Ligand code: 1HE
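Presented below, as structure tokens, is a lone chain in the form predicted alone.
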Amino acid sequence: MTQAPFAPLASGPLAGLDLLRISISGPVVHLRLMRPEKRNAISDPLIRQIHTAFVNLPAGTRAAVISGEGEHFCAGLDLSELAERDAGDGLLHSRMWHAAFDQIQFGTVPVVAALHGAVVGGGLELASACHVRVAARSTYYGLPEGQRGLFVGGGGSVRIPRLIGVARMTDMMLTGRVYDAEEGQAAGLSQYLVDDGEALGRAMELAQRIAGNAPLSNYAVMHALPRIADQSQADGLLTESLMAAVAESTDDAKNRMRAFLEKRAGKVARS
């Protein structure tokens, strides 16, 4: 698939975000964490900018890619900015992270994460909020909060067990176990494993493919599928029927099905 070059945003609410480098190529927006000297650790200003960026994606965006500048994707919470907080302040701080990552998981477009180096603590929470994860072989995963007297606060206790199970997350938090890229792939932390230097390119290819889907189908996968998984079987089946009926009623779906029946659309094949 030929990909148009990415161009930086010159104006609008995203142009002034100094901790993110945001560029666009057709329907795909690329957001790069820009704190390489801190291993892209997440500070309060950065989490606010992530939230702002995903709330204000440019019109016409159909998919997004998030990556990290430098040698690491994201090493988690910036502990150098961690101030002593009372319980109320801690609650509000955690909820600020929840708002940002909810906007990724339950926003307007699917998000692909390109992972390399450290995907640790809050970095793993960020990655788990994305819909598809591509990991380079340099990637490693950890949840060091247990060794630091902390508990995950960016949604990790909800999202990560859905990827790898409660037992694996318990082990990581209690013992400090670190998964390498191959172990993470086998456990379910990534869906794609590629050689070093190839994660971003593969993430871009996947995002372009996703952007070609019907928008309502993508929205259903993002919003309905995880909720169906949390429902009883009977409730889930009803929700599925309602979502399927809405999706297939759109002109986009009808045109795509007509193209398939008229042999103008490709069949499923191994890539």
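Since we're looking at a predicted model, the values are computed, not measured. Position 1 is the first residue in the sequence shown; the rest follow in order.
If you look for the form predicted together with this ligand, you will not find it shown, but the lines that follow are about it.
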None of Arg39, Arg48, Arg32, Arg62 but one has a heavy atom within 4.5 Å of this ligand in the predicted bound form; the exception is Arg39
In the predicted bound form, the residue from Leu193, Ala187, Leu150, Val132 with a non-hydrogen atom within 4.5 Å of this ligand is Leu150
With the partner left out here, check for me: in the predicted bound form, does some heavy atom of Ala75 sit within 4.5 Å of this ligand?
yes
| field | is_contact(Tyr179, this ligand) in the predicted bound form, heavy atom dist at most 4.5 Å | value | no
Item checked: 4.5 Å heavy atom contact, Gly107 and this ligand in the predicted bound form -> no
Does Leu174 reach this ligand in the predicted bound form if we count a contact as any heavy atom within 4.5 Å? no
Which of 209-217, 241-249, 39-47, 223-231 lies within 4.5 Å of this ligand in the predicted bound form, heavy atoms considered? The stretch 39-47
Applying a 4.5 angstroms cut-off on non-hydrogen atoms, the residues of 219-236 near this ligand in the predicted bound form are none
